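Presented as structure tokens, the chain that follows is alone, the form predicted alone.
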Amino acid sequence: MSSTLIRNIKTIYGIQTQPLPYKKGAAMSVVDTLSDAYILTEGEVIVSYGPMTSMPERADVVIDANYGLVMPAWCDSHTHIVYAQGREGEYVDRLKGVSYEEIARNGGGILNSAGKLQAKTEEELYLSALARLDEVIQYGTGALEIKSGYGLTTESEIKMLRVIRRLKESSTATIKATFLGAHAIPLKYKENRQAYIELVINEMIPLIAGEGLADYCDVFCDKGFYTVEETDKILKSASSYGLKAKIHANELAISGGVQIGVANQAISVDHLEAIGQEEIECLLASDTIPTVLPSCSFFLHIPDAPARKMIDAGLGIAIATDYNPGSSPSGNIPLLMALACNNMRLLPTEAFNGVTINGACAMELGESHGSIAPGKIANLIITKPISSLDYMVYAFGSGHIDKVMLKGKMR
């Protein structure tokens, strides 16, 4: 196997020195570092790191970091990058004062994306999604979850998930797939929503599980979308086919989504713009990872999830982009970290842990991704020569990333 030596690193960020990777509460502000360092990889994995004074004498490939920083590639645990086209018209409508809920009621939003996606071929969807995937890799993302949910028919949901499978096969990025057939109620079923829920449960889930197309099943449990009872029914059905739960919860209102996610042992509950102390207590008593989406709040001009309060209460959070055409058309994690710090009042180290090790854990990848340790996948970011992680977040308008390594290979 080919070896690669990265030398002259100003500082390595995100070294894992403890056996338990997921960071909670005060630990979220702690990032272990090593200055004046090297990293050695072999094949797809990291084999060692240390001070320059103990650097190995040779390797097959030598990369000079030129005193840039090195950190684990980002782990984006909530995206929707398979879609037909943008929704900039709705963006302008919102600027004119039309609410997100009004747009959805009028057939826009998710239903708009579903109509456009149903008309696209698998190849067209694959090529457009591949371009977005390449884009986020350039921003430093090395692992991500991609959801379906813009199909809303059996044929189109399966088409989306097959596109995600092709992305898994063709990219060096690590990808988890999530079935989100319960993203909205199609117009066809507006007067008979139970019939659509039965379609999800009795047709979509068995076919998707049978083809091995998804790792998780998600439901949009919120005001105007799916009720707690409907969500519970769908997640229990998915679990019987081996699909673990994830959930869109409490974006628009305190919906009971957090509690039903925890009751179904959800890997994560995502959004959380509207939660209170009861939801925080519920999460503290569970293994479910709360995931916040700062760029969604920024783009929709809605309140941010109370991430500062959550961390101060002892929770660990993941931070994800929610990259999608309607509420967060960006996969730029360096910008996302700046939004988390400025708008949620997180420290740069807390934002860093949210998009690295905690993001990895929200995809069940904590043992292999999200930090720098021997045996972990060699997904690494090399920055241009800058002073610190704090500077990278502070100077949010500049492109600080110089190189990205995925699975031991430079992109």
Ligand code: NIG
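Numbers for residues come from their place in the sequence shown, where the first is 1. Treat the numbers as computed from the prediction; the structure is a model and nothing was measured.
Absent from the display: the form predicted together with the named molecule. The rest refers to it.
J.: Which one, 250, 174, 178, 327, lies within 4.5 Å of the named molecule in the predicted complex by heavy atoms?
T.: Only one option qualifies, and that one is 327.
J.: For the chain seen here without its partner, which of 332-340, 78-86, 189-197, 135-143 has a heavy atom within 4.5 Å of the named molecule in the predicted complex?
T.: Single hit among the candidates: 78-86.
J.: Looking in the predicted complex, any heavy atom of residue 100 within 4.5 Å of the named molecule?
T.: Yes, residue 100 sits close enough to the named molecule in the predicted complex that at least one of its heavy atoms falls within 4.5 Å.
J.: State yes or no: in the predicted complex, is some non-hydrogen atom of residue 216 no more than 4.5 angstroms from a non-hydrogen atom of the named molecule?
T.: Residue 216: no contact with the named molecule in the predicted complex.
J.: When the contact criterion is heavy atoms within 4.5 Å, does residue 246 count as touching the named molecule in the predicted complex?
T.: No, residue 246 stays farther than 4.5 Å from the named molecule in the predicted complex.
J.: Does residue 110 reach the named molecule in the predicted complex, with heavy atoms at most 4.5 Å apart?
T.: Yes, residue 110 sits close enough to the named molecule in the predicted complex that at least one of its heavy atoms falls within 4.5 Å.
J.: Going by heavy atoms, what in 293-313 lies within 4.5 angstroms of the named molecule in the predicted complex?
T.: Only 296 sits within 4.5 Å of the partner.
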